[in-house]
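Encoded as structure tokens, the following chain is the form predicted alone, with no partner shown.
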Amino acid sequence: MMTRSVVEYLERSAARFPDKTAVDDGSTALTYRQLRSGARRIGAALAERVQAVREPVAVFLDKTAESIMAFQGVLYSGNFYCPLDSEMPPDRIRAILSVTDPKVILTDEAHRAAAEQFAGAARIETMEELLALPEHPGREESVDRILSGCTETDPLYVLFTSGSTGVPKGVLVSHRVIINYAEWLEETFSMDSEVVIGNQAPLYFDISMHDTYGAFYFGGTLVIIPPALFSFPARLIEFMNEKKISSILWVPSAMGIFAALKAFRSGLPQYLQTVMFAGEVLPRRNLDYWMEHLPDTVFANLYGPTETFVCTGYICDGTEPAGEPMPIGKPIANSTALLLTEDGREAAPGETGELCLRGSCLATGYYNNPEKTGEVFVQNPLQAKYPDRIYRTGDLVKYNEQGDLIYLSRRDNQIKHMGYRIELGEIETAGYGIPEIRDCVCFYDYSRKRIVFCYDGAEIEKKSLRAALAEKIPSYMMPGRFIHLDALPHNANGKIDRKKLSAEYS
């Protein structure tokens, strides 16, 4: 039977395993029956209030099981969701809302007052109010009617990445992307209804979609790991064993904590069967540490910008040459990779080219931003006879002798840091909003894996500067080093000399 919406995963699993735990955040656990019932009730109520389909609904909540119910409720209403974590800086939330312009912000009573500060014309709805509405057959019928009109090309969610102009870009992803990925996941890994997926990523980070919809697709359990546990690996391992977590997809920085602290001396995660990592390069020494202590576990390196979700994968076998980059593998099902040189031709075997993707992994584009969409979602230059859309990642790659893709570097000023794709220009825009700063520039110190922020003007105490930036940018974008100069150097074109600064301070 063809799948038109990821909501069908929840529907099928609720029918098969009604009393099984669907999502557990360490404090609250919801069965599939409870999750489906609550989500459908929210969906019916939202449908009455939004009175439209395929519209964005902002969800402003903590990272809990309640958030997962809220997201599913938005989908049951025929609309798509935009996650707004309660820890996000208010200015970033306002920037996101200015792009999406949602009719409704879904929150709870604990966050209503905060939501009112940036809601603007959007109507605020709370989980408590919507769940308290009485059930009646008419609402159930309205939800079924909405679902019958869904297609796999409808929007599923919009996630915001960093924007080069200081305005975040909203990547709009359809149901088709996740449907295709879930089926590839089943073909590639030995997962079934016994799977327990341990979530590490924030719910506004695309990796979390693997956790949520992977669990629902198989009829497994999603466990939201309390973030504080990542500061105490021994306690985290105990938690993973208590919840019988069998599969994880984490950013390498989270995995690196275990290797740095030799955490497996105190115990092992006994139920882990698959360990996947994505978002940045995993240092080989850290991977070796995991593979040495968990020899029967499958390890996989997944790759994909937000605009393609996961589009390539590589299963590690431990024989990869030390000192060389870990392959990002081959494209997933229904996806194709093109390597294009600067002059627009296809790269020869072993030659470096920009990685471009085509197929079912592609996002719809950037929400409410046709100009930016048109810059990177383009016609395949190798095909002029019919429309064939590709996404230009800006990542430089090559094939190794085994036919696997190797990631080399970025083409532009966009970086990957702690698993996040970051435009350094957004940090600079935030810096220019600080009155004492005259000029500023950011670059990435690859050897130390940190963002460096150079500025001139009045010197600011580091603690105060961090606090000022924290009002504008999320914590993962915070520079790791601040450098005050009497004057930033400029090149012959009058522009700040980034290369000189990078060479001097990296």
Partner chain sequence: MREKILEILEDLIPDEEIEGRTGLVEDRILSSFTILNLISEIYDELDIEIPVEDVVPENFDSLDAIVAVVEKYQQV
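Since we're looking at a predicted model, the values are computed, not measured. Residue numbers count along the first chain shown, from 1.
The same protein also has a form predicted together with its partner chain, omitted here; what follows describes it.
Student: Does at least one non-hydrogen atom of P233 fall within 4.5 angstroms of its partner chain in the predicted bound form?
Tutor: Contact check for P233: yes, within 4.5 Å of its partner chain in the predicted bound form.
Student: Contact with its partner chain in the predicted bound form for I257, defined as at least one heavy atom pair within 4.5 Å: yes or no?
Tutor: Yes - in the predicted bound form, heavy atoms of I257 and its partner chain come within 4.5 Å of each other.
Student: Just to confirm, K472 within 4.5 Å of its partner chain in the predicted bound form by heavy atoms?
Tutor: No, K472 is distant from the partner.
Student: Is there a heavy atom of V378 no more than 4.5 Å from a heavy atom of its partner chain in the predicted bound form?
Tutor: Output for V378 is no: heavy atoms all beyond 4.5 Å of its partner chain.
Student: Of M418, I124, L131, L396, which residue is found within 4.5 angstroms of its partner chain in the predicted bound form when only non-hydrogen atoms are counted?
Tutor: None of the other options qualify; the answer is M418.
Student: Using heavy atoms only and a 4.5 Å cut-off, determine which of R49, R54, K462, R438 is in contact with its partner chain in the predicted bound form.
Tutor: The residue in contact is K462.
Student: Okay, which stretch from 446-454, 66-74, 38-46, 22-30 lines its partner chain in the predicted bound form, with non-hydrogen atoms inside 4.5 Å?
Tutor: Heavy atoms within 4.5 Å of its partner chain in the predicted bound form occur in 446-454.
Student: Please state whether all three residues E87, K262 and S266 have a non-hydrogen atom within 4.5 angstroms of its partner chain in the predicted bound form.
Tutor: Per the other structure, all of E87, K262 and S266 touch its partner chain.
Student: Go through 328-353 residue by residue and record those having a heavy atom within 4.5 Å of its partner chain in the predicted bound form; state none if no residue qualifies.
Tutor: Going through 328-353 in order - heavy atoms within 4.5 Å of its partner chain in the predicted bound form - there are no hits.
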